[in-house]
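In the form predicted on its own, a lone chain appears below as structure tokens.
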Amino acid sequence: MDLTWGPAEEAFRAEARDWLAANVPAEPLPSGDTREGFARHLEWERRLFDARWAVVSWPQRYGGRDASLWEWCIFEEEYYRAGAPQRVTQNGIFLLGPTLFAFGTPAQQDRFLPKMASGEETWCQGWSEPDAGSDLAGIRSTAVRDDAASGWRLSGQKTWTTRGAFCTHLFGLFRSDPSAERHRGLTYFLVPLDTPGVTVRGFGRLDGDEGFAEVFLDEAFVSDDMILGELHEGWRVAMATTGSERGLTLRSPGRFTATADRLVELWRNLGEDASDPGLRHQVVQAVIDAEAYRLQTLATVTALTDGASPGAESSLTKVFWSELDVRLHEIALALLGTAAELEDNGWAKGHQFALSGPIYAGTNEIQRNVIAERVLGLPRR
């Protein structure tokens, strides 16, 4: 692998770095999982879109720059290096967006992608249910055909819906053929949350953020053109979305290399308080691990540009980045000691979020089963 960037890529990096330096808010925005913070973040997302930095790898007609995946990696590195705000549009842009490109009709792409890129429409993920989390095939929400209206009546409950209290749309799986096997008879629907019959009930978290929501559907009607992919083939479409969620796009390496850089800066600033050789070794190992993830991502990009498709290997990626995120923050808290809870340094809040990483996008226990069976070919027990 040639890791030398060409002149065009270096020019792209310089342009991105200059724009971010001039435009990133001087003070951190409120949490994007609060109502005020979500609105402030959307203002930032609009600035990104207006400057065509919101979706750099998308076609220009949808607000992008037709950038390569390599350039997308470069932009992500610069974005996190600059300390730019969290992307509250990420479920749409990084999860649903690639799925729409792969399975959406031209009409669906033209309808949804521009407003997704601009933040005019925001998306939450309607997969988890009270009795179906990592066991996604266990969902019970239903889609019943309404022939007279040429559409479907959706009923059921979705939970742990990140930022569902603030979003305008939901993408999710519904059981459209109850007689089919568990992984069959599922259909992937796109649902406006202002649809009659949809009730969104937000609830708070222990950290005070309020973006989580339960979504209840009571015969909410959606037309046939709100199906993404083929009828009853939603599992295949959803697996493409999980490939993005666990693999390349949701957690770019720039996020972790920037966090590792902050960790090194923290260690240096602590001076004599950072003299513990055990902690020093952990800092060094964290930097190595973040760089390893960056290199692994570049190898993935190489494979994708050569025509490969993301598969079960994305579970390896998910386990690595989620556990790396926890380690980075645990080391920082160990360096800070009691000050970690007393100062508004971002590390404690980041640690709270990092702890959810091994759970969302499919628990790491489930991911290890996937790795064992589908990557290593071990027998199922």
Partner chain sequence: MRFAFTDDQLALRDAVRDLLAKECPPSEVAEAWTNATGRTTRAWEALRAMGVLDALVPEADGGLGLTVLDLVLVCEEAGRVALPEPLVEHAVVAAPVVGAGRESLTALVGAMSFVAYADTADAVLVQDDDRLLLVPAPALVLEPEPSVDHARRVFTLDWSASDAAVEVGASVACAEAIDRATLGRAAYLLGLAQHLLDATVEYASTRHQFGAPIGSFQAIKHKLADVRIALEFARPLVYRAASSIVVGDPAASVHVSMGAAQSIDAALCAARHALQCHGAIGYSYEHDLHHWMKRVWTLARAGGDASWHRERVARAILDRT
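Positions refer to the first chain, counted from 1. None of the values given here were measured: they were computed from a predicted structure.
The same protein has a further form, the form predicted together with its partner chain, not shown here; the description that follows concerns it.
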- request: Go through 165 to 173, 225 to 233, 276 to 284, 118 to 126 and give me the stretch that gets within 4.5 Å of its partner chain in the predicted complex, heavy atoms only.
  value: 276 to 284
- request: Consider residue 183 of the chain shown here, and say whether it contacts its partner chain in the predicted complex, taking contact as heavy atoms within 4.5 Å.
  value: no
- prompt: Taking the shortest heavy atom distance, is residue 160 within 4.5 Å of its partner chain in the predicted complex?
  reply: yes
query: Taking 4.5 angstroms as the cut-off for heavy atoms, does residue 130 touch its partner chain in the predicted complex?
result: yes
- request: Mark residue 212 yes when one of its heavy atoms lies within 4.5 Å of a heavy atom of its partner chain in the predicted complex, and no otherwise.
  value: yes
- prompt: Can we say 316, 333 and 353 each have a non-hydrogen atom within 4.5 Å of its partner chain in the predicted complex?
  reply: yes
task: Counting non-hydrogen atoms within 4.5 angstroms of its partner chain in the predicted complex, say which of 71, 177, 146, 289 makes the cut.
output: 289
message: If the cut-off is 4.5 angstroms on heavy atoms, which of these, 208, 196, 192, 311, is the one near its partner chain in the predicted complex?
response: 208
Any residue of 285 to 305 that, in the predicted complex, places a heavy atom within 4.5 Å of its partner chain: 285, 287, 288, 289, 291, 292, 293, 294, 295, 296, 298, 299, 302
